[in-house]
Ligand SMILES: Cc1cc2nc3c(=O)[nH]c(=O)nc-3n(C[C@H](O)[C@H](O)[C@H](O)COP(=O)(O)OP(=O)(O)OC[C@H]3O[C@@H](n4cnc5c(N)ncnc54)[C@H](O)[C@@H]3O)c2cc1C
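Let's start with one chain on its own, the form predicted on its own, as structure tokens.
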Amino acid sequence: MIEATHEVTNQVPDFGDYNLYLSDTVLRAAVQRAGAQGHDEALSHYGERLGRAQTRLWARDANRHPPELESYDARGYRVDRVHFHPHWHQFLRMAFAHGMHCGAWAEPGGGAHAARAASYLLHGQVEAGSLCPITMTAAAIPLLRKEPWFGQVRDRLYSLQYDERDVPLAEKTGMMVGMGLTEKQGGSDLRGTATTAAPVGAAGRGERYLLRGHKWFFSSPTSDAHLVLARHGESLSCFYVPRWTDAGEKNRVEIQRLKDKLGNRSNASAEVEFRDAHGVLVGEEGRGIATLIEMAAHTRLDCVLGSTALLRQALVQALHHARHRRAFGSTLADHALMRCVLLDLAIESEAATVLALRLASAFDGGDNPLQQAYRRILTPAAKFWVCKRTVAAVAECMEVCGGNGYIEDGPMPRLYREAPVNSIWEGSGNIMCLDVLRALKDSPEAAAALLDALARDSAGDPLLKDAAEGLISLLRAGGSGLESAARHVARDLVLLAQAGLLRRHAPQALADIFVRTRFGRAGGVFGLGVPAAAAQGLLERAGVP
């Protein structure tokens, strides 16, 4: 008999079952501030279910077995079926039952958007790919409910039953809506759209058209309908394109292939051709881009939430590892330099969380200029900054976990691959920053309210005061050089907003570290300028089980 050569020691134990919501003290406090405390019990239930070890295994399986396209059946008929792993459907059943796709619209008020944001943040920590169809369905509802025919789809859009069957909508108990904008030649420049739409009879809103062309990225291709941008004459309009026609036949939207993506593996993204596909014009004729930008305000919020979720889970993994792994005579978390890094990551996570919930609460109502500014100006700025910071932060968390963090047996590689998508999807960094400048110019009352609030929140701290005054001076100067400074503007808007929120809602020591490291000379490297002595007590706020 061959004896074992060694005993396995000093390996970090697996997480058991834990409640993602109850263990997150920062998120729970943000939910209370947003007036969403009435949703506390539901969030706790969802956090418990998502935190089960079995649920984490489902997420692993759904990402290890990505969707597969079946173009033709055995008899040669075109079917364009997409086959998902069963656990993908399980995550969507959970999200639908929780109302993440419709609850904020079906039952508004009482912090509904903030509560939905919290559940999104919880879900995204475990399985991010299944959030894509949830995001687009939720963002489509405020557009579709303006249409006179909304009553025909209302009950299915507001249904809490996920129905994965690929059958005509009349036979289904629930539905999802996707989006198709990007084309090969245009990318983010939607004015380059080449897909055409020709009226079947009368033209205009609510009328039927036939669409011809292609989409290079067609999100959630098995959704029951998609909102699509197409050209008719010199105009660009938005069209509702169902997967099945009223006659009970597959619409002529042919899937060419599924994208082989870096991350977001559980979710299907496709290239498609429209071959006289049936569609209905949505919104005002000729205002397709404006209509879809309205939808984008909600998808951009979800990008911020999705990145915040990935950052939170990466932090949880890093803290868990550091508290159990021993090196040089003590646990990693007991070493002063590691505590500096961990605290900085925890501060980044808290700053992202408080801003994300503040943005969500701005969608809960109130048309005062400051609420408008959070929705229209700070949301694209946050999509730029929080999503970009998450990529670096997740990499740092992986480094905390060492070689084991780089191995596919654990969740860190999936979190790392997932991180860049929110920066890229629905407009990459430069697009967001230019949109911030556009929003500042087009909404002067909201811009003034935001800048006044940031100036007030910066009072009493020289670093913040200098940053706020510098930003205001830059914007007032305007001129041709402002475009090249767009990233500077977006970054400082977000950092000033985060600093103000932390100064109001976090311990002073934590807020002071954020200000010194983000506005001082720390250089953006995690752990630089963070006092190790402050870490022990402040790290407890991370609330990791």
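For every residue, the number given is its place in the sequence shown, counted from 1. Note that this is a predicted model, so its numbers are computed, not measured.
Omitted from view is the form predicted in complex with this ligand, to which the following refers.
Within 4.5 Å of this ligand in the predicted complex, a heavy atom is found for every one of M179, G186 and S428. The listed set L434, A453, I255, A296 contains one residue whose heavy atoms approach this ligand in the predicted complex to within 4.5 Å, identified as L434. Proximity to this ligand in the predicted complex, taken as a non-hydrogen atom within 4.5 angstroms, holds for one residue of T353, T137, S219, S130, which is S219. Note on the interface: of 443-451, 211-219, 86-94, 408-416, the segment with non-hydrogen atoms within 4.5 angstroms of this ligand in the predicted complex is 211-219.
A residue is said to contact a partner when one of its heavy atoms sits within 4.5 Å of a partner heavy atom; R323 fails this definition for this ligand in the predicted complex, lying far away. Shown alone here, Q371 lies farther than 4.5 Å from this ligand in the predicted complex, counting heavy atoms only. Interface residue remark: I424 is counted as part of the site for this ligand in the predicted complex, having a heavy atom within 4.5 Å. Using a 4.5 Å cutoff between non-hydrogen atoms, K261 counts as a contact of this ligand in the predicted complex.
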